[in-house]
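One chain comes next, on its own, written as structure tokens: the form predicted alone.
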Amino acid sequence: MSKQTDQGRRDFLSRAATAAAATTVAPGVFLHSVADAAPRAEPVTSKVRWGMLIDTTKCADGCTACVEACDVENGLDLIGKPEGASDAEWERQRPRWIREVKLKDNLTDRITTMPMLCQHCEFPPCVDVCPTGASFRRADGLVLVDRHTCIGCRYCMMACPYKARSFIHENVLLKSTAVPRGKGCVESCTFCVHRLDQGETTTACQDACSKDGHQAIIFGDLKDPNSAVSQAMSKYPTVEVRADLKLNTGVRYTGL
């Protein structure tokens, strides 16, 4: 093969690869180039600690906006009930990154509805018990699971006092490219880390709650005294769920 022919072949393959990066494989679905999946440019630092304040007085009874938004954002809505499973079994085992919890005051009989999610603790028990290091805490306060090293032992699920983690029992055929998921792994709320690493500053649940007009969820940098979440936490009395455990959670509640 001549040098001219060889160079022409290389040019053709290069053009073909570039074209493939923008090829439509189905209506609304595109192949992404490697450049589109580039990692964040700067490392995560402890200058920021992401956190959330939830005002339970603004959580409307029966509202599932935050749960549904979380499901859509993270691809949890793409899976259906396994064949042969009962409705009760599916409801018990289906992945839920946000659960609706109802608390009853035994003195007043007042019932409070609150969303329960990963609390992104400063001292996370899930990290302490993980034998492979799959459960870890980032410098910016996010508690995550490395799906490449998770062996599915579920020790972290047993250690979590908030029951905030779920296990993937079935093969995941459909998933979001931004949120990979796979059978045999544990998962939980990530504070929409894929958004934060692209420079965004809100979570899907916060956006949905604001869109519905409830404004019950405020998210931001706990270390920034001028952030909306810091301002709200300085204005209202807040509660740390299971404060007796001294985990210093990144999620706080008001109105309980």
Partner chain sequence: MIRNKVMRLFVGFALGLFVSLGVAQAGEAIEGSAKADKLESCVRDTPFMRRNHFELIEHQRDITVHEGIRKTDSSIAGCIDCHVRRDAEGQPVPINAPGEFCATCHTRAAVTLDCFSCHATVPTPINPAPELLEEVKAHAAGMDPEIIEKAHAGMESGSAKQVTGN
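Predicted, not measured: the structure shown is a model, and the values here were computed from it. Residue numbers count along the first chain shown, from 1.
If you look for the form predicted in complex with its partner chain, you will not find it shown, but the lines that follow are about it.
Worksheet item: All three of P125, Y162 and H169 touching its partner chain in the predicted complex at 4.5 Å, heavy atom to heavy atom?
Response: No: no residue has a heavy atom within 4.5 Å of the partner.
Practice prompt. Consider the chain as shown here, without its partner, and state which of V67, V193, L53, L222 has a heavy atom within 4.5 Å of its partner chain in the predicted complex.
Written response: When its partner chain is considered in the predicted complex, the option within 4.5 Å is V193.
Worksheet item: Out of the stretches listed (80-88, 152-160, 98-106, 112-120), which one is close to its partner chain in the predicted complex, meaning heavy atoms within 4.5 Å?
Response: The contacting stretch here is 80-88.
Worksheet entry | Partner contact for E42 in the predicted complex: its partner chain, 4.5 angstroms, heavy atom | Judged by the heavy-atom cut-off of 4.5 Å, E42 is in contact with its partner chain in the predicted complex.
Worksheet item: Any chance V129 has a heavy atom within 4.5 Å of its partner chain in the predicted complex?
Response: Although its partner chain is absent here, V129 would stay clear of it in the predicted complex, with no heavy atoms inside 4.5 Å.
Practice prompt. Spell out, yes or no, whether the shortest heavy atom distance between S176 and its partner chain in the predicted complex is within 4.5 Å.
Written response: Heavy-atom contact with its partner chain at 4.5 Å: present for S176.
Discussion item. How about R92 - does it come within 4.5 Å of its partner chain in the predicted complex, if we only consider non-hydrogen atoms?
Written reply: R92: no contact with its partner chain in the predicted complex.
Discussion item. Under the 4.5 Å heavy atom criterion, name the residues of 120-151 that approach its partner chain in the predicted complex, in sequence order.
Written reply: If the 4.5 Å heavy-atom criterion is applied to its partner chain in the predicted complex, 120-151 yields F136, R138, L144, D146, H148.
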